[in-house]
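First, one chain by itself: the form predicted on its own, in structure tokens.
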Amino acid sequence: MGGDDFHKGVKPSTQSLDGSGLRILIVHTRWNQEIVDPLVTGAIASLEQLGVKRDNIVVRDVPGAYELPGAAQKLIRQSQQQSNLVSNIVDDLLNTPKLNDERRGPFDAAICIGVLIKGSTMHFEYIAEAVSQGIMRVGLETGVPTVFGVLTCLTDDQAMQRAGIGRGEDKGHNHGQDWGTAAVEMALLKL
């Protein structure tokens, strides 16, 4: 393979991705919001293109990246508990099999979106490591696929380029779109 044949990025899935029955959580930061907002918009657009109903996309915000894992875990667990409680009450009242309420059911996947830009201290490294490990742990502990949508960039320009709002002629690519697709693919992952 020659150097001209390499194309950076994820290769599209070979399976058909139908997100019409999914409920997706997006938790994003307000820190660096000018860059975060386009990423959230890109993720939502991607989810909708794959059939996820807008009513089934729940968006919440937190102050900064360090808060992303805790908020995602809390919201995922609340959705799982509410789903079990509502389902059990309905089953008891109607004496029927379990009902699947798409709008109120548990989340099928979560996307944590934020932007970390390196400064002149070690703060960047500590936050990036903690957030990376935390988001991975949320997915493993809750059983809900949790997409790592945190840009870790050395400069403002790098972050803007990865949000599709670059300053130059080439605006870059909005990685939020990739994260939306990854959430649907992971939510549909079956044996």
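In case it trips you up, residue 1 is the first one in the sequence shown, and so on. Here the structure is a predicted model, which means the values were calculated and not measured.
Absent from the display: the form predicted in complex with a small molecule. The rest refers to it.
**Student:** When the small molecule is placed as it is in the model of the complex, which of 133 to 141, 157 to 165, 23 to 31, 45 to 53 ends up with heavy atoms within 4.5 Å of it?
**Tutor:** Only one stretch passes the 4.5 Å heavy-atom test: 23 to 31.
**Student:** Is V115 near the small molecule? Define near as a heavy atom within 4.5 Å, in the model of the complex.
**Tutor:** Output for V115 is yes: heavy atoms within 4.5 Å of the small molecule.
**Student:** Mark Y66 yes when one of its heavy atoms lies within 4.5 Å of a heavy atom of the small molecule in the model of the complex, and no otherwise.
**Tutor:** Yes, Y66 is a contact residue.
**Student:** Is I127 close enough to the small molecule in the model of the complex to count, meaning some heavy atom within 4.5 Å?
**Tutor:** Close contact exists here: in the model of the complex, I127 approaches the small molecule to within 4.5 Å, heavy atoms only.
**Student:** So in the model of the complex, does any heavy atom of R60 sit within 4.5 Å of the small molecule?
**Tutor:** Although the small molecule is absent here, R60 would stay clear of it in the model of the complex, with no heavy atoms inside 4.5 Å.
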